[in-house]
Ligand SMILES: Cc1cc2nc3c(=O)[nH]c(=O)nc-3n(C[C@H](O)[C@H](O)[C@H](O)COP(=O)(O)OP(=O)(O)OC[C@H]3O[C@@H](n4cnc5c(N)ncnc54)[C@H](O)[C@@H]3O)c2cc1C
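Quick heads-up: it's one chain on its own, the form predicted on its own, in structure tokens.
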Amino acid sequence: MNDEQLADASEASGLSGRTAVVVGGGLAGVTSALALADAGVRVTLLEGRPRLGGLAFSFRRGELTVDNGQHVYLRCCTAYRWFLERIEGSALAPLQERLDVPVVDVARPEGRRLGRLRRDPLPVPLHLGRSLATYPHLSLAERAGVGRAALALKGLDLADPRLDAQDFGSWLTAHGQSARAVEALWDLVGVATLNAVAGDCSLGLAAMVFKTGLLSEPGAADIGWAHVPLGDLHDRLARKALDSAGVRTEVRTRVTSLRPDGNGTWSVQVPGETLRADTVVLAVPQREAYDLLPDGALDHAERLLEIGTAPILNVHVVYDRKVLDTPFLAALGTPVQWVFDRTAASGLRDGQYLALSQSAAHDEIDAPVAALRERYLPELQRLLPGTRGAGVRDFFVTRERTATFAPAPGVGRLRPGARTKAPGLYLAGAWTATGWPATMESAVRSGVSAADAALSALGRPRPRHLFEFEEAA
């Protein structure tokens, strides 16, 4: 940000009662900025990185445009779907017409075996009945046990705070789930959405995921994903929407401190300049938020430091020919979790580019690339027969060591809401108390909550279109 731009931003921030600074340009921050601007607030958005999008971004590697990690959403993610509509990106990240997940098990004595998790156009819970009844990776008794556990899960009260203190793995064991059922079904879904195995996960968060995604509406778990690089959505289109809304967006601008002025306004310090605003939304990771929070702004602020983090490892392999015939698949009996075809989205013109998304990758997040290559290329040969005669043109990894907050038992009591004790200061981020795990949906919901709280304090009306996703939920 140059001096002239800083001066303009500071001047804009001097309009009493109608000004805001949003700190952080991830999905939470972009959502807050758009919501505030749509209500007539003059907004300055500050992001320390050279791009928007937070941890859902793209970069160039030779001829490829690479996403740092594979991100998907579900039809029940009504807030993220609203966000896509707001930035005019829905057509670039379509949903499946109907849930359909190929699941390949390579550890069976009889050899590689394919199953599918898909839904029928029937009411809940019958929509998954045929799929579960024919799921080849579980015995008949295990399938029946899964059905009983699902009904018990459906009966849990998500508002019960006791669920947060329990772990999902123990609950599954108590409800008759075998180790195989946990591996082949509950963790197959749960690790990808929660970034933790069942035994390390809060029952409250796990119940929320399964009740909302699989046991609410027939189409709730239909999967959507970007058919373009994430940067096209979360940076390029987001920036275009912000510009159209009148938001001043500044990247490569890191906030060093913020403080209340004593007259109802806030001072936000960036290198070389101080911006003033009536409202500040702090939409940064929890530890960065802790460092920026003024004294007394949050009761038990030290709890933010108790919110753990969980890593996600992404393994990227470019083959000289096509080796996978489906957009994605899930795997059992192998360290490989989920495999996605990123060929068209990356711009690759021949061959095939696969991305392996490895959640809860605590044991491998710092492993050398050579060791990961030695491990995963043979596993892909077991999983995808077409790779056995294919040449590997490129192999690389991306690592997000703090990709999400850890959904451990007890994390719910550590997650703060949008409001702080400091008038005019609000929090946003997937780690705040949205009720959702650390997903794009949670990030957008947190941005809406922060903007809603800020607009209420400013006496500004809520833009009706901002809350349409609540009606669709």
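Owing to the predicted nature of the structure, the values given are computational and were not obtained by experimental measurement. All residue numbers are counted from 1 along the displayed sequence.
What comes next is about the form predicted together with the named molecule, which is not displayed.
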item: Complete contact of Ala35, Ala245 and Leu425 with the named molecule in the model of the complex (any heavy atom, 4.5 Å); value: no
item: The named molecule: the contacting residue among Ile223, Leu292, Leu324, Val318 in the model of the complex [heavy atom, 4.5 Å]; value: Leu292
item: Residue among Leu138, Val197, Ala403, Leu95 with a heavy atom within 4.5 Å of the named molecule in the model of the complex; value: Ala403
item: Touches the named molecule in the model of the complex: Gly412 (any heavy atom, 4.5 Å); value: no
item: Proximity of Gly417 to the named molecule in the model of the complex, heavy atoms at 4.5 Å; value: no
item: The named molecule contact in the model of the complex: Ser58, any heavy atom under 4.5 Å; value: no
item: The named molecule contact in the model of the complex: Pro407, any heavy atom under 4.5 Å; value: no
item: Listed range touching the named molecule, judged in the model of the complex by heavy atoms within 4.5 Å, from 36-44, 58-66, 23-31, 417-425; value: 23-31
item: Heavy atom within 4.5 Å of the named molecule in the model of the complex - qualifying residues of 66-88; value: Asn68, Gly69, Gln70, His71, Val72
